[in-house]
Ligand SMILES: Cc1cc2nc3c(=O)[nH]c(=O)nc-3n(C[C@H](O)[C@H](O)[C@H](O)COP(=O)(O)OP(=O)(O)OC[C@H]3O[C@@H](n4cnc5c(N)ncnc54)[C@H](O)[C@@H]3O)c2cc1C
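Here we start with a single chain on its own, the form predicted on its own, put down as structure tokens.
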Amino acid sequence: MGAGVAGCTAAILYGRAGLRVAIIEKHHNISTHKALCGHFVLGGTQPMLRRTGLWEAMVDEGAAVGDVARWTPAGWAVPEPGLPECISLRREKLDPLLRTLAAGTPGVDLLLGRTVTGLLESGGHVTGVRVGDEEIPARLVVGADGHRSPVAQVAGVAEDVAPNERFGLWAYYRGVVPRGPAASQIWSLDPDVGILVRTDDDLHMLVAFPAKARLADFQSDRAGALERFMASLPDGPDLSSAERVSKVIGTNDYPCVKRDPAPKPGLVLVGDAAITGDPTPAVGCGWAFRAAEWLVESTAPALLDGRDLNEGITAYRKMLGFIVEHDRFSRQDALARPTNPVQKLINKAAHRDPKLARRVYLFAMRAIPASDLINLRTLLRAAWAATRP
């Protein structure tokens, strides 16, 4: 259920594996896209997108590709050549692209304008869905219907909710002149975060994630406040000739939500329906792509052979541990507290130690497990690099 990034990606891959798939999507128009959602896909997702051919499909639609530089009080951190690249394609292009690819995949039926009203169950197992008066049987029901997940609500799935002490707003501009290094830039202030994303059609996405204590400053004139925020950043973009070409979009509250990814036999959750992380590090779309591939990789063989799904579901849970581990640290950062001494030490040391700088970048790109950076060995290396002559 759900024809977003996770749902369409899973459907495409299940269809390629030889399975029959029905995507149930409440919107009637294939071009409908998510507005309150980013599209900056971090470099850790590049291998998956290349494996599946989705990278080339996005590039053909005009996606912008490049690296990202990060500013902290220690200065700019610029990635070395050859590291995984990010990709950005606005949702008004990305969502229709994925739906079109899914609908064109043999074995996949895209059912637009349909809403799931209930789950079919037998003997404690979910055996399909109810869509209005129609019943659709399925060996596996996949809830890929976003952070509010009506499917999870119908199933009575418990939620683990953590607060987010930042709010967000963003808009698209033409004619932005970046002053910092790299194709896109992130400013990690204390505690605010600013992001400049180069995207398709020669546009830039300006993003502000200030702490909620500043909410009143952004209410009366959101566009003006966004532009002043970006202009105040160290080496912030030159907006003197820029033109805003979209509304200012935003949200005052976007909590972190985690649900059991396999709450009942025959039912799994994927993408934001399973884990909705802090949007500040731009993980949403990348997690959706990767989790969809993990789900199909884990469950398709048993679905094809008619075998029990327990082993595949266990494997899916294990793969999601990669996201869960990163999410644990993201939830702490979402509290918008001052940078702790360990973070300051690592940021400072990364400017003096290329090996550590590489590891920090790969962590930020979600290309390595969180434990590959957050460990005693890294801390000792950072202390050595920060204090050596």
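Bear in mind the structure is a predicted one, so any value in this text is a computation, not a measurement. Start at 1 with the first residue shown and count on from there.
The protein also exists as the form predicted in complex with the named molecule; that form is not presented, and the subsequent description refers to it.
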- Message: Taking the named molecule as it sits in the model of the complex, is L49 near enough to touch it, meaning that at least one heavy atom pair lies within 4.5 angstroms?
- Response: no
- Task: Spell out, yes or no, whether the shortest heavy atom distance between A3 and the named molecule in the model of the complex is within 4.5 Å.
- Result: yes
- Query: Just to confirm, T251 within 4.5 Å of the named molecule in the model of the complex by heavy atoms?
  - Reply: yes
- Is the gap between L295 and the named molecule in the model of the complex 4.5 Å or less for some heavy atom pair? no
- For the named molecule in the model of the complex, the stretch among 349-357, 319-327, 66-74, 24-32 with residues bearing a heavy atom within 4.5 Å is 24-32
- Item | Candidate site G7, R99 and A282: all three near the named molecule in the model of the complex by heavy atom within 4.5 Å | yes
- Of these, Q153, T115, S246, S232, which has a heavy atom no more than 4.5 Å from the named molecule in the model of the complex? T115
- Note on the structure: in the model of the complex, the residue from G312, G180, G146, P263 with a non-hydrogen atom within 4.5 Å of the named molecule is G146
- Task: Select from 296-329 the residues with a non-hydrogen atom within 4.5 Å of the named molecule in the model of the complex and write them out in sequence order.
- Result: none
